[in-house]
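Single chain ahead, by itself, as structure tokens, in the form predicted on its own.
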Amino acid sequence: MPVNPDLPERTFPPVAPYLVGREKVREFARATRASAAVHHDVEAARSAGFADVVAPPTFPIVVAEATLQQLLAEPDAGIDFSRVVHGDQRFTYSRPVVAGEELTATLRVTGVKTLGGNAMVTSETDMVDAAGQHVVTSVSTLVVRGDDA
């Protein structure tokens, strides 16, 4: 089944809030080799003006992953996960993510393009804090290989 060309502008319901844990931030920082003290040391983060350790710039992918699962599970999306390659990932911040806060994420499909028998599905996941203020937007492009690819 080909990717549904009517996916753009489809918005999924917000996923359950994600509590950003201090140890998760540290684990992610170690895994991505983010060595700045603000990612590991609470006192260093507080000295820099933050309430707790600061998540590395790509950490929001952890939160966005749940929204991408919604898209992949959509019955009429036509996205066969066994044929998916992650094509692009970007983040646009209003402010850094800090341990102890709760983020709620909502995914919206922004584009579907067909190129050489493959489909490129672009989506945006907006993440807001408990007060409903924007924190970060994750833009992801999935390449869904066609039958001949």
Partner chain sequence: MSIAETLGIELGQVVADQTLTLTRDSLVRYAGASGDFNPIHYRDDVAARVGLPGVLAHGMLTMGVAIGAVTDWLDARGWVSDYQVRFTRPVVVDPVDGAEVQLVATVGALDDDEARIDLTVSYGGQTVLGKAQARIRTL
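Positions refer to the first chain, counted from 1. Everything numeric in this text was worked out from a predicted model, so none of it was measured.
Omitted here: the form predicted together with its partner chain. The next part is about that form.
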item: Contact residue in the model of the complex, chosen from 102, 27, 43, 80 - any heavy atom within 4.5 Å of its partner chain; value: 27
item: Residue 57, heavy atom within 4.5 angstroms of its partner chain in the model of the complex; value: yes
item: Residue 31, heavy atom within 4.5 angstroms of its partner chain in the model of the complex; value: yes
item: Close approach of residue 38 to its partner chain in the model of the complex, 4.5 Å, heavy atom; value: yes
item: Contact label in the model of the complex: residue 48 to its partner chain, heavy atom within 4.5 Å; value: yes
item: Candidate spot 73, 108 and 111, all three touching its partner chain in the model of the complex (heavy atom, 4.5 Å); value: no
item: In the model of the complex: members of 86 to 122 within 4.5 Å of its partner chain, any heavy atom; value: 86, 87, 88, 89, 90, 91, 92, 93, 94, 95, 96
